[in-house]
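This document starts with one chain, in the form predicted on its own, laid out as structure tokens.
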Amino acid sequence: MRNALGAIQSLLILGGSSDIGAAVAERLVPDGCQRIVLAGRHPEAMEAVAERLRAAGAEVAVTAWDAADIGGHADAVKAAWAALPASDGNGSGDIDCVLLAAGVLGDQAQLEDDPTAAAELATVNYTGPVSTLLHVTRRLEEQGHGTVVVLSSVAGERVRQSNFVYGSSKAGLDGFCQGLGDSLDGTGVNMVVVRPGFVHSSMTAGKEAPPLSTTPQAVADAVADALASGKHTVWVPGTFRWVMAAFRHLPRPLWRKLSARM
């Protein structure tokens, strides 16, 4: 449960080695988040994040989860809950917040040349999260409370021809989460969809940063603000709310010309 100040005390990060996931955890620990599970495809890659969080005073467990291993999601979610001891040290504890921070950007030209790789990206970015989030929200409903935070992208608000494979996967994820969040109304479980622009991270290393680019720390601040204020949809930076509102209403011929250069 949240503490007396309304701050979350326990966190599960799906994609525990991601730069944004680590930044969110590091942002929340000083506010009272003291029990954290990092879940990802390569547990050894999460140990550096785990050590930083332990040094900050958090209790951290590392467990396995692979977005592409759909058949293993039920067991992976069960293991994540079991990895987090209750505050009294006995049995499995409740998880206040689950952050989905996993995703693959890919290279558009390569994906167009390799349909199998494009489908694999769609599995990691969309199909796998669909399966995982349904398992996660069922657990949260059973415990009667919790918040799910999902990292979507402004790329999914209107898909550009320059990265339509990635953008369409985020559009699907965003729509799924909006609908899932509505279905959870009244259950005690909340959904927060976060839509960053270009984030300076290991995933985007070497790519030219467009205007309104941001950082993992700025995304983490936005997540912390959403958890405190009860927001359901967040743009990072906030200017994107208005930029995308305009882009969504551009006539398609104009959008086609504009998005080819973006």
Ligand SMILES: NC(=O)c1ccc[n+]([C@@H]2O[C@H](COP(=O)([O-])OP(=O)(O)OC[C@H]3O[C@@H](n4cnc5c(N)ncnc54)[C@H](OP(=O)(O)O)[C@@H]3O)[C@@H](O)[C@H]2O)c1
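All residue numbers are counted from 1 along the displayed sequence. Remember, it's a predicted structure, so these values are computed and weren't measured experimentally.
One more form of this protein, predicted together with this ligand, exists but is not displayed; see below.
> Looking at 30-38, 196-204, 52-60, 225-233, which one sits within 4.5 Å of this ligand in the predicted bound form if you count heavy atoms only?
Looking at the partner contacts, the answer comes out as 196-204.
> Any of the heavy atoms of residue 9 lying within 4.5 Å of this ligand in the predicted bound form?
Because no heavy atom of residue 9 falls inside 4.5 Å of this ligand in the predicted bound form, the answer is no.
> Taking heavy atoms only, is residue 212 within 4.5 angstroms of this ligand in the predicted bound form?
No, residue 212 sits far enough from this ligand in the predicted bound form that none of its heavy atoms falls within 4.5 Å.
> Considering non-hydrogen atoms and a 4.5 Å limit, does this ligand approach residue 102 in the predicted bound form?
Yes.
> Can you tell me whether residue 153 touches this ligand? I mean in the predicted bound form, with a 4.5 angstroms heavy atom cut-off.
Residue 153: yes, in contact with this ligand in the predicted bound form.
> Thinking of 126, 174 and 181 as one candidate spot, does this ligand come within 4.5 Å of a heavy atom in every one of them in the predicted bound form?
No: no residue has a heavy atom within 4.5 Å of the partner.
> Considering 26, 221, 47, 66, which brings a non-hydrogen atom within 4.5 Å of this ligand in the predicted bound form?
Filtering the options by heavy-atom distance leaves 66.
> Check each residue of 154-190 against this ligand in the predicted bound form and list those with a heavy atom within 4.5 Å, in sequence order.
Read in sequence order, the residues that approach this ligand (within 4.5 Å, in the predicted bound form) are 166, 170.
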